[in-house]
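Have a look below at one chain only, the form predicted on its own, in structure tokens format.
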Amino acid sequence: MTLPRSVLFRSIASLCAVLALLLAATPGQAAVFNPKSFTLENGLQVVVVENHRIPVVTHMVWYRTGSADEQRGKSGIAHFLEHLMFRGTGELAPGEFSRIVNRNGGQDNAFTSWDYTAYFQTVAADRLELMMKLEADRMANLALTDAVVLPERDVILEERRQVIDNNPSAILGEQMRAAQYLHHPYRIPIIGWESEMRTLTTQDALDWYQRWYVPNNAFVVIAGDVTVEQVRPLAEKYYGPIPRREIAPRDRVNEPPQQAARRLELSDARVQQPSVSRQYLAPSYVWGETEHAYALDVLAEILSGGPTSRLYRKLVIEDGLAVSAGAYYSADALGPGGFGFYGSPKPGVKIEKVEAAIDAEIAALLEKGVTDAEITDAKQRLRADAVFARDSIRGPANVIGRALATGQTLEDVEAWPARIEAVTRDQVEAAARAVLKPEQSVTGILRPKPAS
């Protein structure tokens, strides 16, 4: 599950009253990261975000492929290959990549989504060249044999047991996602179904690598204490020699119209805190009725942007029904996005009361709409989050990478504050009416299992 852009911005930097006032004085005028970009002859795009506050850089390589591109019966192969990218090349022994990063005082990791796979290192600025050399090497020279692949398959199976199978909330989330999407591949878990993970082979991994890991299906984002003039010759030296290859287009099915609300309940003895959640199918920035996307960003902020937001104030503070309540909007996706609600009851309160309270807030929203004051406050918080994201080193690379990997452009990223500023009250209310339809929803109830 990817974080909403507004949440990601907020996770990158905290709010600051002084700059919030500055934003209020110049609404919608500031760009976000002021990135610079160039493209090598082999098709690899390179984006640079300069930030000279500390001598550190984050170097990220993004591949435009994820679990939603997997063939039937091969679920989990995108995530599996992410693991195997650390298992050696012709130059490096298995595990040597991360050991080199660590010896140079850096940190590295990777992640897989339904739409993309990314690898990153955060290091001292004078170690950037080494990171580019290492990433270019494994973009072209990954070396896989059964000796390294099969033990790593056991690792991802154990990861699934720990992250999904031993977590009732994760199990319900996986089941809800399978119910949310009738046909679209977003219904398949990124980590894969266990029965199919067990059958993944070395050849499957090599086929995936050969199909997707080429420079013209990737891009590099570098943020930190570096200039584009410094980056260009390094990119040409290390990534430039890797030949481009023609790749087959992504082949994804469309989601058919949804005509019936779905409901799932899971009772498990391991559940400590009951909860209710509901997600509606929604447009993303590039899929469906995209004209509602920025209004939905504002709506999510009105419903869930801090302790004065509608849901928290009503369910937690005023009515004392819940220990937590909120909403979210996920718009960074090539396919459908999602708009969701959640809440957990206080001890002694039945989960049905929390669900009824969320239903009442949705009904009130659709009947009475939002206020001008709520719109103004939400926009100010969102703009502030975007501005403070500039202070982070890794954050800009992450935001830009997710946008480019899901069909947006650098111009879209830079225009986000202005587009948020242009949202009107009528647009927020129209977006709510367009998305909050029962037939587009799936509701999940998580309960403790009574002792026998």
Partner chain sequence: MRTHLTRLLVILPLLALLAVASPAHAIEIKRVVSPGGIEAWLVEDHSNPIIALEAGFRGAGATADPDGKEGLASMTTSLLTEGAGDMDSQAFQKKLADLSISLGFSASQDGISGGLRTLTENRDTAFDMLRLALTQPRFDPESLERVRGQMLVGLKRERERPGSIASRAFWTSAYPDHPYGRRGSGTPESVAALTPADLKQVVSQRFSRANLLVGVVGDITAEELAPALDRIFGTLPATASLPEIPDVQPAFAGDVMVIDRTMPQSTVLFGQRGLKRDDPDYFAAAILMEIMGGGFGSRLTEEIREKRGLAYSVSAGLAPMDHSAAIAGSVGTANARVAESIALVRAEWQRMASDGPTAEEVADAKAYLTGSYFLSLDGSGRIASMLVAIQRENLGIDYLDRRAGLIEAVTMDDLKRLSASLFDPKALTFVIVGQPEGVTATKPAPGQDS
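Numbering follows the first chain given and starts at 1. All values reported here derive from a predicted model rather than from experimental measurement.
Not on display, but discussed next: the form predicted in complex with its partner chain.
Not displayed here, its partner chain is kept clear of residue 180 by more than 4.5 Å at the level of heavy atoms in the model of the complex.
At the 4.5 Å threshold, heavy atoms of residue 388 reach its partner chain in the model of the complex. Among residues of the shown chain, residue 104 is one whose heavy atoms approach its partner chain to within 4.5 Å in the model of the complex. Contact annotation: residue 243 falls within 4.5 Å of its partner chain in the model of the complex, judged by heavy atom distances. With the partner omitted here, the residue from 278, 127, 74, 184 that has a non-hydrogen atom within 4.5 angstroms of its partner chain in the model of the complex is 127. Exactly one listed residue, out of 145, 259, 227, 272, brings a non-hydrogen atom to within 4.5 Å of its partner chain in the model of the complex: 272. Residues within 4.5 angstroms of its partner chain in the model of the complex, judged by any non-hydrogen atom, belong to 308-316 and to none of the other stretches in 354-362, 308-316, 112-120, 281-289. Contact residues in stretch 48-62 (any heavy atom within 4.5 Å of its partner chain, taken in the model of the complex) are 53, 54, 55, 56.
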